[in-house]
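Before any questions on binding or motion, here is one chain by itself as structure tokens, the form predicted alone.
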Amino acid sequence: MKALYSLFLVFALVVVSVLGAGAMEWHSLFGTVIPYAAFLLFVIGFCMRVVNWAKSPVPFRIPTTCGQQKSLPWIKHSKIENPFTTSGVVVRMLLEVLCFRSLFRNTKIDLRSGPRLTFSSSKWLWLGALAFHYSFLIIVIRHMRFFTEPVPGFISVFDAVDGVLQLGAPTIYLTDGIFLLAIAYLFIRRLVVPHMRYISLVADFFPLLLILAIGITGIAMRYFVKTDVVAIKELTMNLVQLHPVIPEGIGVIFYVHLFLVCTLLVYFPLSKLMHMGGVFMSPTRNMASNNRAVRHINPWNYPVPVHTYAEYEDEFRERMIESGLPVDKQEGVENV
């Protein structure tokens, strides 16, 4: 049911954009107003989440460790798995961000006859996540040619390498196929595996189906439904130059694709997709494990006004003596 709810939401978004941009011809709304609003909400929401994480106090060092901590000289130290220095933290963070190292270590647990609990390697999830994220990244970089004029050279390089298997026109991109296969695998995995289906929520299915819909509409627009690419380029350049003019000849499917992208931008800061920024702010990843060598001082500490007992007694000594309360220091005489 949770997957059906998510599918219904995505389908409703498609219907809204078809009716709005197609039947009602609200091209200015779907071509300029909604994209600008979605971009602003994405930037503001993303920054607010990151700043909120950055302001959270971290009174203790809590790095995750998967190896031997630096200790005695004759014990081999795991410099990357249990970094002692900032350089070790940077290397571990790069491996985490670029290679999904923690996901690579993911294990699968099965309950078999006996009963017997077994642990085994689970590399398919790591491979699917890696394929999805990198193909998505390359697709986003390729799309930058619609927002730049002249197109930077590195974008043309990505475009040429991605379309190396060109058989005709239009160019068939490798990442389009990899992207659809990867996102389909991640969705089917949650749907088919019983324990994954049990713990999955609408918030898990919805972004997968939304991104899948974005990919399908984009591929359909490129290979199956004729669209005016020149007009789309003119629209995107107008948006970038803050001169929102809608050219003629843009098909409805483009507005559907754009509306789904805008929905993803608005949903992004509110969802689990914020792990893109959160991984850099996680104290379990960005801290060195040197608790025994370096005293950790919370950098978020601020000066706290302290009123010591000596100051308190100086302020109320006469009243305390009049009330018969013991004091540490008499007038001109200090008690021992």
Partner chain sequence: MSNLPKADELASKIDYMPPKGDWMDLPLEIKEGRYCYASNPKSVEYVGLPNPRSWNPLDDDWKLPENWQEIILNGMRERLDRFRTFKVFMDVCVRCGACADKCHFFIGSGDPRNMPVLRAELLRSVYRGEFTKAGKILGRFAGGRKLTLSVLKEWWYYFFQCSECRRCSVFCPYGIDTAEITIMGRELLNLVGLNIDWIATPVANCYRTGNHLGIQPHAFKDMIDFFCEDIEEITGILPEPSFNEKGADILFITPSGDVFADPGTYTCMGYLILFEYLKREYGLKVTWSTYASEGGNFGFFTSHETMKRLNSKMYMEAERLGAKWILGGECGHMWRVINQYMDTMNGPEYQKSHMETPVNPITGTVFEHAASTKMVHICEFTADLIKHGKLNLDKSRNDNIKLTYHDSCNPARGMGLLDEPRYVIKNTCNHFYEMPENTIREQTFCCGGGSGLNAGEDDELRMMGGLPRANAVKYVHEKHGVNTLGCICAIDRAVFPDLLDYWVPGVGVTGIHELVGNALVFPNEQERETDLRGEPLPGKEDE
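C-alpha atoms forming the largest set that superposes within 1.5 Å between two forms make up the rigid core. The model shown is predicted, which means the values in this text are computed figures rather than measured ones. Positions refer to the first chain, counted from 1.
If you look for the form predicted together with the partner chain, you will not find it shown, but the lines that follow are about it.
Contact with the partner chain in the predicted complex, defined as any heavy atom within 4.5 Å, is confined among 73-81, 219-227, 234-242, 251-259 to 73-81. Under a 4.5 angstroms non-hydrogen atom cutoff, the partner chain in the predicted complex lacks S28 among its neighbouring residues. The partner chain in the predicted complex comes within 4.5 Å of no heavy atom belonging to C47.
Within 4.5 Å of any heavy atom of the partner chain in the predicted complex lies no heavy atom of P150. Proximity of L41 to the partner chain in the predicted complex: non-hydrogen atoms within 4.5 Å are absent; the residue sits far from the partner.
Contact with the partner chain in the predicted complex, judged by any heavy atom within 4.5 Å, is made by just one of V164, L137, L111, C99: L111. For the residues M196, I188, V157, V90, the 4.5 Å heavy atom test against the partner chain in the predicted complex is passed only by M196.
Shown here without the partner chain, the chain has K2, Y5, L9 in 1-21 lying with a heavy atom within 4.5 Å of that partner in the predicted complex. After superposing the rigid core, the Cα of M320 is displaced by 2 Å or more between the shown form and the other one.
If you fit the rigid core between the shown form and the other one, you'll see the Cα of I109 move by 2 angstroms or more.
Core-aligned CA deviation for Y198 between the shown form and the other one: less than 2 Å.
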